[in-house]
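Here you get one chain, nothing else, as C-alpha cells; it is the form predicted alone.
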Amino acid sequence: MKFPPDTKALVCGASQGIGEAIAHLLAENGVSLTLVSRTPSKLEKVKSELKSPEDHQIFAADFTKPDDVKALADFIKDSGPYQVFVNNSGGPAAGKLFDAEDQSFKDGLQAHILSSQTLLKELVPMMEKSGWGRIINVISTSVRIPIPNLGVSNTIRGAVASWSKTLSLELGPKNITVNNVLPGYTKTPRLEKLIQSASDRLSKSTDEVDKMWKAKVPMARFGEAKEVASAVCFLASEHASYINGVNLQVDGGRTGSI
C-alpha cells in the first residue's frame, strides 16, 4: 500500500486483536505510529515486535476517563503532526438493552464519542496543514443490523456511525476522508468473551456457540484480525483518496442487508 513519506498514525486499541494487526500492517508499510491502549506493558510488547520499533511511540490511556483523553490530546499536540487516525476501541459489555444501567451508556458515550471528539480537535488541524488526512473508525456490523444481546453496544456504535458520516461531509472539502470498517465475527479476545457470554446465556457449550455462529457466515469461518487490518490500511492509504463516508463490512458476507 502507498503512503506519503513521513506519514504518522495514531492507532487506538493497539495492544491486541484488530488494533494490533492494524499497527503491524501500517508499520510494514513505513508509517510511524503512536500506539494507544490502557496497558503500558502490552503496548511495549507490541511496539517491540513492530518493524523498526524505534520509529514508534506508545501512550497508555483509558478512554472512559476524560482526564486520560485530555492527557493524550496534549501528547498529540507535542508529538504530531498526524495524518491518520485509527479510531478503535473495545465495545460495551454484552447484555439486553432494557437491563442496562445508565452508567453503561455514559461510559460508552465517553469512550466512543466524547473521547473521539476531543482527539479530533488536535488531529484535524494537523491533517489540514499536511494537506490530507484519514479517519477510520473500527466499529461493528451492528450499525447495519442490530445484534441480539448487545443493546448498549448497538446504540453506541450506531451513534459513532452517524457522527462519522456527518464528519465526512464536513471534512471532505479539506481532503480529509472519514470512513468506517465494520468487522463481523473476528478471532479476537472480544469475540472469545462474546462466545462465553452466549454460552452462559443459552446454556450451550462454547464449541456449540462457535459452530452456530460460523454457520451464519457464508464463508463458514471467523475472520482473522489481519483481514480487517487490510481494509483499514487500504482506507488509510493513498489508494483510497476518493472513498469517503462509507461503511465497509468485513464479515464474510454475514450481514443480511444490501
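What you see is a predicted model, and the numbers here were worked out from it, not measured in a lab. Note that residue numbering follows the sequence shown and begins at 1.
The protein also exists as the form predicted in complex with a small molecule; that form is not presented, and the subsequent description refers to it.
Judged against the small molecule in the predicted complex with a 4.5 angstroms heavy atom cut-off, the residues G90, P183 and T188 are in contact without exception.
The small molecule in the predicted complex is approached by T39, whose closest heavy atom lies within 4.5 angstroms of it.
Within 4.5 Å of some heavy atom of the small molecule in the predicted complex lies at least one heavy atom of Q16. Mapping the unseen interface onto this chain, V209 falls outside it, with no heavy atom inside 4.5 Å of the small molecule in the predicted complex.
Interface residue remark: A61 is counted as part of the site for the small molecule in the predicted complex, having a heavy atom within 4.5 Å. Just one of I176, I139, L119, I136 comes within 4.5 Å of the small molecule in the predicted complex, counting any heavy atom, and that one is I139. Remark: of stretches 98-106, 164-172, 82-90, 120-128, the one touching the small molecule in the predicted complex is 82-90 (heavy atom within 4.5 Å).
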